[in-house]
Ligand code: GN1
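In structure tokens, one chain follows: the form predicted alone.
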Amino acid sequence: MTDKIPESRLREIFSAFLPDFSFRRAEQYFGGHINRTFFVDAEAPDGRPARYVLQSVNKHVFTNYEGLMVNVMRISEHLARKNEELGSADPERNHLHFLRTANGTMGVDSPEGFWRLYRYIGRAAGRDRAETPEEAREAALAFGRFQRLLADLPAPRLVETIPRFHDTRNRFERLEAAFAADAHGRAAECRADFEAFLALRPEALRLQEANEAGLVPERTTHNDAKFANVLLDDRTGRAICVIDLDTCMPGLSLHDFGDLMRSMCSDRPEDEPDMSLVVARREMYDALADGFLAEVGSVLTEAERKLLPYGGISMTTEVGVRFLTDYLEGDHYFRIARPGHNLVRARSQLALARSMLERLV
């Protein structure tokens, strides 16, 4: 993604979506690591200034980019209909508006990637971390609202762009296989960690087993629910929009809530080396649960509401298992900053999952 895209090419792509608009300038955004993103300033036919986000989806990373775009467009268009139906007070900013091309296609397929366009949401910004329970509650409100509005998304089922993404049982099976193979001679030093994760398996599998028993239904979920994927209003600090829809697909509601727990219940980074500092904060959990249930509680089943804290236990354990598996397999999946980085990450997630089990259940 280091090769430069000429402005003439950006103008050409933009005009495929909005041929009657005048392209003024484009500025590349370098905050993302996967897709190319540009902020485009344009002028509408009536002379009004307009800003859009022009993005090239990385087809090497998202190999099923067509399925991904089907999901994104269906979600965007469904949310637009729901806003109109419910009379939203801020329909231009409370969800991502993806535009179709003038020919009605989802975007422009090209050697540079799959180009898509959506409206820029002004007077709002995202942040990496929630500092207070009030901010955590705002994020949970946003993701709860997102799930509630998508609860009646018409058939067919969304494309499963990452198969078995939250198949927790499979994650454990892959860990056991990696430990047994010990391809890089690392099993001995992390045997205690391996056994500790296996001890958590019954608790981590509660969501999956409830789903398999028919107690917890499949829903449309975001699958990357974290504070950074919520835009906050510049003036009020209120959450207005969930962003980054590329991982949206079928899943369990509590997977998203569990991601919120994993990313906000502790105030330590996910690679904190001092396990004694990794503690699940009850006040953050209570704020997350309050916000999430305020929006989507009426949609959830009784089993889902009872299993709420197990969302975090399941997701935190699963991520820890993935870190440990990658460490045993030679650090080929997660980018590391130093030797042993994935092992530290795994231990930090293990400590957080244990703390959640002790303090939040």
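Here, rigid core means the biggest group of C-alpha atoms that superpose within 1.5 Å across both forms. Numbering starts at 1 and runs along the sequence shown. Bear in mind that the values here come from a model prediction, so they are computed numbers and not experimental data.
Note that the form predicted in complex with this ligand isn't included here; everything after this is about it.
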property: 332, 48, 33, 60 - the one with a heavy atom within 4.5 Å of this ligand in the predicted bound form; result: 33
property: Interface segment, criterion being heavy atoms within 4.5 Å of this ligand in the predicted bound form, picked from 288 to 296, 324 to 332, 33 to 41, 301 to 309; result: 33 to 41
property: Residues 17, 95 and 116 all lining this ligand in the predicted bound form, heavy atom within 4.5 Å; result: no
property: Contact of residue 319 with this ligand in the predicted bound form (heavy atom, 4.5 Å); result: yes
property: Contact flag, residue 247 vs this ligand in the predicted bound form, heavy atom cut 4.5 Å; result: yes
property: Residue 165: touches this ligand in the predicted bound form, heavy atom cutoff 4.5 angstroms; result: yes
property: Interface membership of residue 186, this ligand in the predicted bound form, 4.5 Å heavy atom rule; result: no
property: Those residues of 264 to 295 which, in the predicted bound form, come within 4.5 Å of this ligand by heavy atom; result: 270
property: Residue 32 C-alpha relocation of at least 2 Å between the shown form and the other one, rigid core basis; result: yes
property: Cα displacement of residue 298 between the shown form and the other one reaching 2 Å, rigid core superposed; result: no
property: Core-superposed C-alpha of residue 307 shifting 2 Å or more between the shown form and the other one; result: no
